[in-house]
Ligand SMILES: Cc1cc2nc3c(=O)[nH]c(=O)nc-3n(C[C@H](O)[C@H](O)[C@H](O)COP(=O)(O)OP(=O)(O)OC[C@H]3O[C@@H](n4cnc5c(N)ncnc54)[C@H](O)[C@@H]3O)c2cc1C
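Only one chain comes next, encoded as structure tokens, the form predicted on its own.
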């Protein structure tokens, strides 16, 4: 039985751990804080392959969407995943690009179509039609959103109960243990050591903190995402909507989760956060334009996510070159791709099958 350590218990680490354990590996998950306590728990969590060229990267995301749907057969229910598709309309300067993207997606077999204002009103009756005006509206039927922490907990619970995996929280990995050019385990901040045949690093933006060896550091280009949460409000929003005033989705118990790309650009990694900050109030004001029924409401919470993006903005999945026993699984869009990537990583590590879908996304490209 291959002994594996998975670093990180977000959506990627949980998916990888579940599939490794299911495939017969002895799995120990080491998480620095708590399950979903990193970027996974601070995510807009839109599952999509919406505007993700080139085709191989698009295909990875589609595979992730299909894997999410397939979990219903395996688990009986998937309360962590919410379908319903997504709606999108753009301001005039961006409509040509929107139309070109929609046609590209349709040529790739993706569910993408134009819908009428009447159809929008049937899907989302609380949206003020004035915010749409004469804008063409696109609908992407297979998209949805995820409760990332609920998902990660479900995968890890299944890994433990069904397959004997161990999950250790409060276990911050600070270095790899090496024997020559082979990784043989990890060392924690408190000095505890764990041995393994293979270490799989799913630590996202903290990937490089797991080793002092600079030659094993992955080039990263993290970006900031600013999210605002409302209290429970009187709106029946049922899906992801990306509009000319705000991006929004439901977040359970009547709350809305709000995001706006231009606001991201005003934030830094160390921005001091408060629900009363002007940027948060602005997003709620924008949401009120879109959904007047929410009334006068103040932000309940704000968060900043530091997205774990490899240096060229594409996934880094595979063995680290010039060493053995060390495998990386680091990506943006982990919320979408994680159930597929978990199975693919298990195939490669436990079953020795090279997954062709990952050929363009190997970490080796950064080290040649």
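Positions refer to the first chain, counted from 1. Worth saying up front: this structure is predicted, and the values here are computed from it rather than measured.
Note that the form predicted together with the named molecule isn't included here; everything after this is about it.
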Report summary line: Exactly one of 325, 64, 342, 38 comes within 4.5 Å of the named molecule in the predicted bound form through a heavy atom, and that residue is 38
Query raised in the report: Which single stretch, out of 69-77, 91-99, 195-203, 131-139, brings residue heavy atoms within 4.5 Å of the named molecule in the predicted bound form?
Result: 195-203
Requested in this report: Report yes if all three of 11, 30 and 335 come within 4.5 Å of the named molecule in the predicted bound form by some heavy atom, otherwise no.
Outcome: yes
Report task. With heavy atoms only and a cut-off of 4.5 Å, decide whether residue 307 touches the named molecule in the predicted bound form. Result -> yes
Query raised in the report: Given that the partner is absent here, does residue 43 sit within 4.5 Å of the named molecule in the predicted bound form, heavy atoms only?
Result: yes
Query raised in the report: So in the predicted bound form, does residue 185 come within 4.5 Å of the named molecule, heavy atom to heavy atom?
Result: no
Query raised in the report: Any of the heavy atoms of residue 156 lying within 4.5 Å of the named molecule in the predicted bound form?
Result: no
